[in-house]
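Next up is one chain by itself, shown in structure tokens, the form predicted on its own.
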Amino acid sequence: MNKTTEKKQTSSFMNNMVKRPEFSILVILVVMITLTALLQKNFFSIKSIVRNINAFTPLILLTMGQAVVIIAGGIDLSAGPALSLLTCVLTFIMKEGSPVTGVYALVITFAAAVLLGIINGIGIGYLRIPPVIATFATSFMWLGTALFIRPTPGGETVNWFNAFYSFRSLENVPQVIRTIGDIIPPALVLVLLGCFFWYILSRTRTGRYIYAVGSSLESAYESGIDTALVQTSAYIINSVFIFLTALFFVGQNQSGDARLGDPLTLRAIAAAVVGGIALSGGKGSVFFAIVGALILSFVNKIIFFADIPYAFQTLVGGVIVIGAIASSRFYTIYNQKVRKKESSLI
């Protein structure tokens, strides 16, 4: 292979990369990281990186779950209240002086999370209630139950449950483990666990069917796919990600709160869209939804370190998010037109 051929192949590869819609998302992320690094001192220090990972993890996990549901052609407006409910259940079951209650709490809360997904899935998949209406209704059910269990923030946790946030406050833990935890925080482990969970599922029939149902519910049904079961599975998968988020929050705060997840629902949806997930369903990557969550998280960092007055923070944040979505969409449309023009010339 001569140098001319190698250059052509390299040029072709780069052109194909630039034309992909994910390229613009990555460019936006790089811009956000650069701006944050300029504004935040010691941005690349280990302590700063760990703090940022801890700050970004809840939105990343919720966005991954929301992305699965949106790809399947749905949406989940009950994700925030579901998160709040699960934190309340965890802290209701655990008793500080009884370590074994932490195990009970994990099992029971996981079962509760799956149940929440099943309820949403039955309403949407089997009863054919529009996802917006169904999950809007269940959001009040989850909120009401959470307030019944824990009217005010509080509750008890066992000591070892702090491992979902930090190893520092654990009893009888070797120093080497604490040191590792300072470099690789448990929050990152939760995100990697979520990524592995979806990677395995995406290689299964269920993962493929989720994309098929989101692309066209009617066509998937006519192809023999149990669309109701697939939609229910998508909401159960979403609930698993919500469960992981609840573990992080309870490990961090050592308490439950019926209002904890309220601000995160719409942020997770927005992050998924920024990450290239099509609201029409059937398109996008759950892993690029993580990039969307990072972009949204860095937006908040930039606003904070730029010392923008609080009254303008929401406005500026909204403008930046809209700009990110619009630029990504414009980039995609532009590349589609270029490809059509190139194909017409052949």
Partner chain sequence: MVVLEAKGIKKHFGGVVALADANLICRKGKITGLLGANGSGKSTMSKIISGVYSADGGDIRFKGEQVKYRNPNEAQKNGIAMVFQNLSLVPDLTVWQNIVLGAEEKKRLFLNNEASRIISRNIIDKLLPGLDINRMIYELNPGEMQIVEIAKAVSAKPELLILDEPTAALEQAEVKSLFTYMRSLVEQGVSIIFTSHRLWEVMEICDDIVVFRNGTNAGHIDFETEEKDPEKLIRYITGGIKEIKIEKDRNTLSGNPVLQVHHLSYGGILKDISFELRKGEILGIGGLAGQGQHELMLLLAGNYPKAVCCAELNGKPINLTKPVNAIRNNILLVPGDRQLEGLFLNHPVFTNLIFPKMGLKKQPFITPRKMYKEECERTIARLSIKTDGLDIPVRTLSGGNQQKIVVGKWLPFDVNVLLLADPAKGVDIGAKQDLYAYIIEQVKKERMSVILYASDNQELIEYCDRVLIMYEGRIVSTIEENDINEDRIISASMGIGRTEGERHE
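Bear in mind that the values here come from a model prediction, so they are computed numbers and not experimental data. Positions refer to the first chain, counted from 1.
The form predicted in complex with the partner chain is left out here; the points below concern that form.
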The chain here is shown without the partner chain. Which stretch in 144-152, 228-236, 198-206, 127-135 comes within 4.5 angstroms of it in the predicted bound form, by heavy atom distance?
198-206
Identify which of Ile75, Leu190, Leu264, Ala212 has a heavy atom within 4.5 Å of the partner chain in the predicted bound form; exactly one of them does.
Ala212
Indicate whether the partner chain has at least one heavy atom within 4.5 Å of a heavy atom of Gly97 in the predicted bound form.
no
Does Pro174 reach the partner chain in the predicted bound form, with heavy atoms at most 4.5 Å apart?
no
Contact with the partner chain in the predicted bound form for Ser216, defined as at least one heavy atom pair within 4.5 Å: yes or no?
yes
Can you tell me whether Ser169 touches the partner chain? I mean in the predicted bound form, with a 4.5 angstroms heavy atom cut-off.
no
Residues within 4.5 Å of the partner chain in the predicted bound form, restricted to 258-293 and counted by heavy atom
Gly281, Gly282, Lys283
